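In the form predicted on its own, a lone chain appears below as structure tokens.
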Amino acid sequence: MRYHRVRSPALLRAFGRAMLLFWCVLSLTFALLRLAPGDPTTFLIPAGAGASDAVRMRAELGLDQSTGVQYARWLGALLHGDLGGSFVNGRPVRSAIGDALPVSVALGGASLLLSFLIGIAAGLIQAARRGSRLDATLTVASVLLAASPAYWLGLGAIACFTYLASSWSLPLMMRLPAIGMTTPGADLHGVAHLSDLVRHSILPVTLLAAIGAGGVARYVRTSALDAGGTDWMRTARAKGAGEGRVYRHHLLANLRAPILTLFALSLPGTVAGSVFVETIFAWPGMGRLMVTSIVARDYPVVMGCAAMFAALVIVANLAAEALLPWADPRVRA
């Protein structure tokens, strides 16, 4: 009971900071959208429409009012759970996000899980083989992957595994599709549909996982090397524990807290990377929805996507803070 009395105020303060941060992010996004050049009505009015048509449309969309009034109306609707409707097609923003969110969660979740599994394994191997040729090779690869832009790697992957593979007449299994989640026009069901979906997801998931694994590997290698010279590691070896047992049962247990923190901090990078990846590979997820909405100046959809992205990041960080005492019992004190 004492633990809960000590932790509850801290979690409440963290929740309060999270709500303040959420409001700041959305308010800044609202202001930047209004300051950006371009008017939504220029994308919506038909060709040949007059100035009176544009004025009438601005009034219908509520854009004829001052920015302060628009902000107050939007904030009031948000507090009631109303994200508004799209300027482009009038569809409720919640419905558009409801269709796109599962795609991004599946893409981001699979890539994030793979990036940590691969990155932790690579980082531990590098720490165990410090100074070897394998360590140098993995270091170069991880730095290049972590530093390379997602859109550049995505275009390179499409050029290699789609266009070049087709032009060189490589086997069908080596020619990976680059556009969409499924084959256009194909009426597939059951296992065939699942197989087609997995085949289309290989490039985007691998791309995001490789970028994330590079950063995780660098972090785990550094943390493992720092912990390698501590007293408790030397004590474990002095008791006769093999290197495998030392790494599995002693080192990984002490790396749980930093890895958990890194997992929460990696979520924004995965979300940001999915914006480019979903656009390049034409996946109908949150990233592509936000990009197309920004281009069309569809303010309600952009604000809804920004709210969802901010909420995902904040919830992940709150969850990591709540789980930190489990990962590192020393935090409970």
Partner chain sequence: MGGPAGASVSKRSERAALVVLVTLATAVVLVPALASRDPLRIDDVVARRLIAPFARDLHGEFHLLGTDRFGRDLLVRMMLAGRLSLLVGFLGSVVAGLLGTVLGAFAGWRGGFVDRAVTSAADVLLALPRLVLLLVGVALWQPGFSTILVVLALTGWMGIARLVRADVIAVRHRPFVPAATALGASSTRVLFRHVIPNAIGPALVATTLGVGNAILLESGLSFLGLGIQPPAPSWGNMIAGGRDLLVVAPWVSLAPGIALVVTVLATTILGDAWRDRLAGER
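Residue numbers count along the first chain shown, from 1. Remember, it's a predicted structure, so these values are computed and weren't measured experimentally. Basically, rigid core = biggest C-alpha set you can superpose within 1.5 Å across the two forms.
Only in words, not in the display: the form predicted together with its partner chain, which the text now covers.
Out of the listed residues V143, V198, L75, L252, V143 is the one that sits within 4.5 Å of its partner chain in the predicted complex by at least one heavy atom. Among T183, S95, T137, S148, the residue placing a heavy atom within 4.5 Å of its partner chain in the predicted complex is S148. At least one heavy atom of R130 is located within 4.5 Å of its partner chain in the predicted complex.
Although the partner is absent here, L32 lies within 4.5 Å of its partner chain in the predicted complex, judged by heavy atoms. Of the heavy atoms in L225, some are within 4.5 Å of its partner chain in the predicted complex. Looking at A306, you'd find a heavy atom of it within 4.5 angstroms of its partner chain in the predicted complex. Contact here is defined as any heavy atom lying within 4.5 Å of its partner chain in the predicted complex, and by that definition not a single one of R58, V103 and A316 is a contact residue.
Of the candidate stretches 76 to 84, 198 to 206, 111 to 119, 213 to 221, only 213 to 221 has residues with heavy atoms within 4.5 Å of its partner chain in the predicted complex. Once the cores line up, the CA of M19 ends up 2 angstroms or more apart between the shown form and the other one.
In the core-superposed comparison between the shown form and the other one, A282 has its Cα shifted by less than 2 Å.
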